[in-house]
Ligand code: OGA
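A single chain, nothing else alongside it, follows as structure tokens in the form predicted on its own.
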């Protein structure tokens, strides 16, 4: 039996990192328990120095639940695999300033456009630019707790519409195909989500969040905008500066995230391997 991984908290109030532990090997009970506890406590976990194949990442992710498939399609029209690559590379395999998927530069929580959104997303650094290309995370639990009491009371019972089509239109990304539209009708989720394991309350927002159910559409969008501006302000945000071999995973139930530029995407390659674990319906 190997020693269980040890975690060091990151600065900023959430997140932790671990070095010197190989995730490509099957986990024993002690390691699995320690990683699950760190995931719930810190919400964002970074393992340094990893080199997981697609099969190994799939096996590790399966410790947390069902590894999801995708509705997203590649430039050639085929569907993304459950463990897949996201990059700034064009169809010719070269760096491209105009990446195929641009919406990831907006704050979001993965798959909130589905009735049952994602629990966890995993990203592993494969190729990185010399600098830049960070991923930012925003803590929706602390952001909710920091709201004025009157605001928390006002939004406690509200529900918001999450729409894949709204996201594509509002971010000027490519239009939905008929198949994508049929697979992703708008869904309702609580504006304040209760974590199913910790019981903590978090704002549940992001780029798929279209408007507030039962509220004037313009008024609802202004409320969402104001809440998200608060939640993604500096006190609640951590920027992960990627290193080669980083494997990062986070709790979509209580964090927003977005990619950032800060590098010449027409010259430098940024390639990451990704998997998503299915969650439960928000409550």
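Residue numbers count along the first chain shown, from 1. Just so you know, these numbers come straight off a predicted model, no measurement behind them.
What follows is about the form predicted in complex with N-oxalylglycine (OGA), which we do not show.
Contact with N-oxalylglycine (OGA) in the predicted bound form holds for all three of 86, 104 and 123, each having a heavy atom within 4.5 Å. Shown alone here, residue 108 lies within 4.5 Å of N-oxalylglycine (OGA) in the predicted bound form, counting heavy atoms only. N-oxalylglycine (OGA) is not shown here, but in the predicted bound form it comes within 4.5 Å of a heavy atom of residue 272.
Looking at residue 259, you'd find a heavy atom of it within 4.5 angstroms of N-oxalylglycine (OGA) in the predicted bound form. In the predicted bound form, residue 184 stays away from N-oxalylglycine (OGA), with no heavy atom inside 4.5 Å. Here the chain stands alone, but in the predicted bound form its contact with N-oxalylglycine (OGA), taken as any heavy atom within 4.5 Å, falls in 108 to 116 among 165 to 173, 184 to 192, 108 to 116, 140 to 148.
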